[in-house]
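In structure tokens, the next block holds one chain alone, the form predicted alone.
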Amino acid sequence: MSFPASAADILTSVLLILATITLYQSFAWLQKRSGRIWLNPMLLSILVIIPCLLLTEMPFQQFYRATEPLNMLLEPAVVALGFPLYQQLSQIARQWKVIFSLLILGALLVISISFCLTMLLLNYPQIAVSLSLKSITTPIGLALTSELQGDTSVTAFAIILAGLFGALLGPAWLKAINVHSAKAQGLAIGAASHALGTATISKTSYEHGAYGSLALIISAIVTALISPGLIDYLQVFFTGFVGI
């Protein structure tokens, strides 16, 4: 972790942090006022920040270092999602076997399907590793990608997309396929769209938030435990498959 050293760097960091917060809060106000779910403040902020970086020719790494204090808030933000989980803990405890089984199966399927499809379409192991880790929270996803020789920039982008699609389209899609249970919706969004999806669906009810938080936590732990061995196996399998 590195923070700006000179006075100019500190001033730049403060201005960029204030601009980022102001931009996000402005879009959050717009979404709340309009009631449009697709006016997601994170998505709109990204769509503004990227062109600004290109126009000013500021490297992303410089922007990332300058706004690192904001990135540090991601961990406590994830922890805060555990509050609704605590409120529903007694109910969850009665169903833990089924919940854990579903989330473990979900993690296995997400990793396997993402890796296999990428290899079949692109035959690029580095990208396959990166995309297979798209459905967990950013710090764990990036750490695993680095450990497994994937591309962290691809993983970061895929994680953002997974979160945005889950937040924007997940609840509507689940209702369209007749999944109306708060428990099922929370588990599905939390497992597929990590913190951003869970934060969005938590606005529906505490029950949604509790099961989304549980899915986010368990999916991250399970993925961290099984992905190294599973991805190694899949890489060996596809190496042999291509060699045949």
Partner chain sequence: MPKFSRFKHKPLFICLYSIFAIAVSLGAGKMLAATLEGLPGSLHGMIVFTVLLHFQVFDAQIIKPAITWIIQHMGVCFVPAGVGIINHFELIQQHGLAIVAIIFITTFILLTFVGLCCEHFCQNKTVNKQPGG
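Owing to the predicted nature of the structure, the values given are computational and were not obtained by experimental measurement. Numbering follows the first chain given and starts at 1.
Here the subject shifts to the form predicted in complex with the partner chain, a form of this protein not shown in this document.
- The partner chain in the model of the complex comes within 4.5 Å of a heavy atom belonging to S181.
- In the model of the complex, the partner chain sits beyond 4.5 Å of every heavy atom of L30.
- In the model of the complex, L230 stays away from the partner chain, with no heavy atom inside 4.5 Å.
- Taking non-hydrogen atoms only, Q235 never approaches the partner chain to within 4.5 angstroms in the model of the complex.
- Taken together, the three residues V14, L15 and L39 all stay farther than 4.5 Å from the partner chain in the model of the complex, as judged by their closest heavy atom.
- Within 4.5 angstroms of the partner chain in the model of the complex, the stretch 33 to 60 places a non-hydrogen atom from each of M42, S45, I46, I49, I50, L53, L54, F60, taken in sequence order.
- With a change of no less than 3 Å, the CA-CA distance between M42 and T152 is smaller in the model of the complex than in the form shown.
- Figure legend: C-alpha atoms of M42 and L169, shown here, are separated by at least 3 angstroms more in the model of the complex.
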